[in-house]
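In what follows, one protein chain appears twice in different forms, each by itself as structure tokens: structure 1 and structure 2.
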Structure 1
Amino acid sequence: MDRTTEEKIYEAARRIFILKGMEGARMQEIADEAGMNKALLHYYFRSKENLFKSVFKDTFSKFFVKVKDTLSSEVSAKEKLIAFIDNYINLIQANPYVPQFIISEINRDPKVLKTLMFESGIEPQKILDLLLNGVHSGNLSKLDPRHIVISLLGMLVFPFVARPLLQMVYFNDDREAYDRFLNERKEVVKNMILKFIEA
């Protein structure tokens, strides 16, 4: 518990922003969550906008840096793909609200993306390379690999961002049942993707 005031504020802000977004979050609420006086938020971060950008930038890039790690090891393309799926679901499960947070915020203000892509050295092309290099069976050579990447991401991310809806509609709002379902996902998605690529 030797975190500085600034760190406590930042972490509280992160929790609140991820849950409620820029528009839904209140500076007072963040101050309460941090157990600090509201003026301190401005003392350390000057404005809400500033604090938010700081949080968003970190959250966004951390989420993509970890993706990058997955793809840097020296194994076959197929193994990389499998590792990617495992790790990505693990990552989302550890941060279940982050995808919805990112999607919401880039829709609210797509401008921030432009500055973000430069500042953080993110190379999303990497995921494409994974699919381009190495995997060259039937369908892939014909098909734009972006279709596969986006299908893959959709299959992985959608169950998390649409959780309240899906859990209610297809699982009688049973939290645990839905959690079990999400755990099964790894194998199912691997299966679907590999079946398609190798077909």
Structure 2
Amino acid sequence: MDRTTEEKIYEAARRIFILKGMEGARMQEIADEAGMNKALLHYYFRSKENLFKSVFKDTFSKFFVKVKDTLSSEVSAKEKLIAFIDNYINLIQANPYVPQFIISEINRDPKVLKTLMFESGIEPQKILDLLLNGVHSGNLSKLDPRHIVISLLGMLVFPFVARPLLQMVYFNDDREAYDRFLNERKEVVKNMILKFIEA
């Protein structure tokens, strides 16, 4: 498959997955959106699940290029966490289907998600090691770094996973107001995490 065809399929699939989610999306809709024959999608990807996983890997690969660069830089552990928060929220805002996919895969078969993470260049142990180094150097609190990582993920993921309910209950179903709230949340999460990890 040439890169142009692949990009067209991925962009079309992302748009449909954002609108319909993985369960609601249909291969025919994705083919129509990409301006190609459904048989071509099946030829390349065999199933909607395979296409979804390919889109997921493509999305996270781009995200983790930025994260890897940050983790390998000379900045402090705190600055690396701040960069991670910025990059993660930007990724989810551009690809709102990702949190639902993660939750469904955790419940369906976490081994699949673990494999996808490593294939996408995600190495959770590196983040723990970064935090452990900060703890040992006295620059971060003595908390078990797993508490920090899991708390951070909860603060970042939940507002996107629960968006339909939270938007309806707290924002009168105003999408733009909720988008503004998510933008503000970057700074809120950064401030909360920095207080949480201060030695």
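Everything quoted here is computed from the prediction, not taken from an experiment. Here, rigid core means the biggest group of C-alpha atoms that superpose within 1.5 Å across both forms. Start at 1 and count along the sequence of structure 1; that gives the residue numbers used here.
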> If only one of the two is the form predicted in complex with another copy of the chain, which is it?
Replying inline: 1
>> Does residue 112 shift between the two structures by 2 angstroms or more at the C-alpha, the core having been superposed?
In response: yes
> Can we say the CA of residue 9 moves by at least 2 Å between the two structures when the core is superposed?
Replying inline: yes
> Does the C-alpha of residue 189 move 2 Å or more between the two structures once the rigid core is lined up?
Replying inline: no
